[in-house]
Ligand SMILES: C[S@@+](CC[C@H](N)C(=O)[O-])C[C@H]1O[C@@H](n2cnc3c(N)ncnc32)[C@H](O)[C@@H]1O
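Quick setup: one chain, the form predicted on its own, written in structure tokens, and binding and motion questions come after.
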Amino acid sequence: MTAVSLAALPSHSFHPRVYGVGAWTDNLYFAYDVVATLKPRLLVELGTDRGESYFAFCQSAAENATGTRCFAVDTWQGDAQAGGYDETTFREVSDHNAAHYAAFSMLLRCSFDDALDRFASESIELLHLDGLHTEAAVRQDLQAWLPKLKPGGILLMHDISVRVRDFGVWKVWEELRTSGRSFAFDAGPGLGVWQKPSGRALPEPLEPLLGGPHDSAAAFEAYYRDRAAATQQKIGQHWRDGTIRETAAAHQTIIQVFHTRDGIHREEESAVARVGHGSWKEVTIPLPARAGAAPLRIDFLSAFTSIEIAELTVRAGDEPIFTARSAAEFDGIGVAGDAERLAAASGLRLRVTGVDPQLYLPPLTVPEEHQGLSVMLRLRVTVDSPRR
């Protein structure tokens, strides 16, 4: 490989329409090149959520005229690991798909199993698996869908580096990679690239990456690492100058509840949900068995919004162990990080001023015998106009 082949990658002219809304941001340029160079006739994604990866595939298919038929399969209801979310997600994905890719892209709102019969055996040339990430779920999905992948076709498996919160993709990936040519991007949650055995050679960048460790593979890997870093820097600038309001990330708010028994809040000890903006929402976030509340912390990933919380209730099983509705009751909740407490006649009002607003509940006494903790919030999120 020469510098010329790197310079000729289609992604040099790629400007993603959807980015920064999920865990796929670091791999978007690779996704674009895979479709542009492989030119798959049929592409299927299992697990689409907000469409970060899927729309990179579709954008490449459109801009490079690959003739690819694309299918996204998802219930658009969330799961135990990704958290639940409301209809905002599917509405935004559906609207974006209709506006840009309706000629060749179809959204299948159903379970993976219910979509199986729509695809013939060995018909899919590019398959992306990004559903429920437990070991059992991943094994079941592969058993059902690998027969649909054409010999020589490419399977992408996301989150192969995550080893917390009951993620088991890494176990399945370690076994699968021994049965065909493979490559792994280790950055972030990790992306596995696997070719179904056939002896078929592939175009760049796939062939050098799957061909084993050598200078060419290292050069491609460095290229994608640099593109990922530039994208993350771009997202950071969006937060600094307020233009994050103009991106896809600004349309929904992620609520992340950290639970702890020792007072230390860790990413792996958290649960999430997501809500759309504009109207009152009620969301309940279940916490895993033996979750502690010493104390609970609630973070909001929300792009320069105002958040009104009318009620916050923590339950142990069916029993409320903490409730705040009035302004006085919310006074016991600490506001920290990138958040400003606003005057409120009742409930709690916050202005989000950056990327990491936090609420700290008082330490709670959790009954020894209970059926699990849950946090319920009734809230409304509205977008703030830029200050002048």
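Values in this document were obtained by computation on a predicted structure and should not be read as measured data. One-based numbering along the sequence shown.
Another form, the form predicted together with the named molecule, is not on view; read the next lines as being about it.
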Stretch from 285 to 293, 129 to 137, 265 to 273, 94 to 102 whose residues place a heavy atom within 4.5 Å of the named molecule in the predicted bound form: 129 to 137
Triplet S279, S306 and D384 all within 4.5 Å of the named molecule in the predicted bound form via a heavy atom: no
Close approach of D49 to the named molecule in the predicted bound form, 4.5 Å, heavy atom: yes
Touches the named molecule in the predicted bound form: S198 (any heavy atom, 4.5 Å): no
The named molecule contact at Y85 in the predicted bound form, heavy atom, 4.5 Å: yes
Partner contact for F112 in the predicted bound form: the named molecule, 4.5 angstroms, heavy atom: yes
Sole residue of Q143, S121, Q77, Q233 within 4.5 Å of the named molecule in the predicted bound form, by heavy atom: Q77
